[in-house]
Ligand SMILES: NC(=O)c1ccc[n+]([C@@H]2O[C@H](COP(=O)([O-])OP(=O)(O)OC[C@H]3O[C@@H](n4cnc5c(N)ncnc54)[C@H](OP(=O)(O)O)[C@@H]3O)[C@@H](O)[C@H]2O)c1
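A single chain comes next, written as structure tokens; it is the form predicted on its own.
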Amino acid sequence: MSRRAALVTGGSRGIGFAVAQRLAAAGYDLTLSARDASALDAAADRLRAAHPVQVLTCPADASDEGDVHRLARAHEGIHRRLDVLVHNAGMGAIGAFADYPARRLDKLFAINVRSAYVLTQDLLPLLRDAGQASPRGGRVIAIASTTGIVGEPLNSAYGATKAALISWCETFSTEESDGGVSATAVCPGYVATDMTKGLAETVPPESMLPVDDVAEAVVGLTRLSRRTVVPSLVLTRPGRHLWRA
């Protein structure tokens, strides 16, 4: 109970694992969630080997509301507190609007938006406790995207989910920040992860944002005092059009 605790969804690889590494180095006990149990266990083993922290793994499908509730209960049952909640689990699926399947749109919203909404509702009492007890308050950080700010071809559905996350973070902070709890939407352009491998022919990986840079930005937010609210943080690639993904 004396140590800070964080929960990271999509925490077995990519941005999520890079964030978890930095939080563990800062002394946070952790809950990691993702769909693949073996990948989660491997990630947890790496963290425990490098840092003297407690790491709980909880396999969960973000599109399954029952799994989301179970994840919240698992974290609370073990750690009993929550200082940082990182919504990194996400699904990407591009396609032209004209014939984009509505069922895929529904799946994107379930994973990218609804899971974050429900999980934060479940864990809000713990975040409020941190908001009152800790100088840093309670932090909710959602990995959004520049496609939620500026339109990008073939991203009508994905961009809409990220725009929803950005709006939700702003509204959440208007309701909760007086109590020391705030939310930030971190909005990177294309990041060199497994999700963007299919774009390599049009967007070379070496031109994408490094995973470590995004993770540094995320963890930097956790070092701020509860008196500072950051509604959104944009990370864009260099070039003549800074708002591109």
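For every residue, the number given is its place in the sequence shown, counted from 1. Being a predicted model, the structure only gives us computed values, none of them experimental.
One more form of this protein, predicted together with the named molecule, exists but is not displayed; see below.
Discussion item. Residue-level question: is V113 within 4.5 Å of the named molecule in the predicted complex, judged on heavy atoms?
Written reply: Close contact is absent here: in the predicted complex, V113 is far from the named molecule, nothing within 4.5 Å, heavy atoms only.
Discussion item. So, I15 and the named molecule: in the predicted complex, are they within 4.5 Å at any heavy atom pair?
Written reply: Yes, contact at 4.5 Å.
Fill in: Partner proximity in the predicted complex: A60 to the named molecule, non-hydrogen atom cutoff 4.5 Å
Taking the distances in the predicted complex, the answer for A60 is yes, it comes within 4.5 Å of the named molecule.
Item to complete: Give a yes or no for M195: in the predicted complex, does one of its heavy atoms lie within 4.5 Å of a heavy atom belonging to the named molecule?
Response: Output for M195 is yes: heavy atoms within 4.5 Å of the named molecule.
Worksheet entry | Partner-contacting position among V191, V53, V203, A217 - heavy atom within 4.5 Å of the named molecule in the predicted complex | Looking at the other structure, the residue within range turns out to be V191.
Discussion item. Among the candidate stretches 166-174, 97-105, 81-89, 119-127, which one is within 4.5 Å of the named molecule in the predicted complex when only heavy atoms are counted?
Written reply: The contacting stretch here is 81-89.
Discussion item. Counting only non-hydrogen atoms and a 4.5 Å threshold, tell me whether A24, G138 and S182 all contact the named molecule in the predicted complex.
Written reply: Per the other structure, none of A24, G138 and S182 touch the named molecule.
Worksheet item: So which residues in 109-147, when you check the named molecule in the predicted complex, have a heavy atom no farther than 4.5 Å from it?
Response: Going through 109-147 in order - heavy atoms within 4.5 Å of the named molecule in the predicted complex - the hits are I111, I143, A144, S145.
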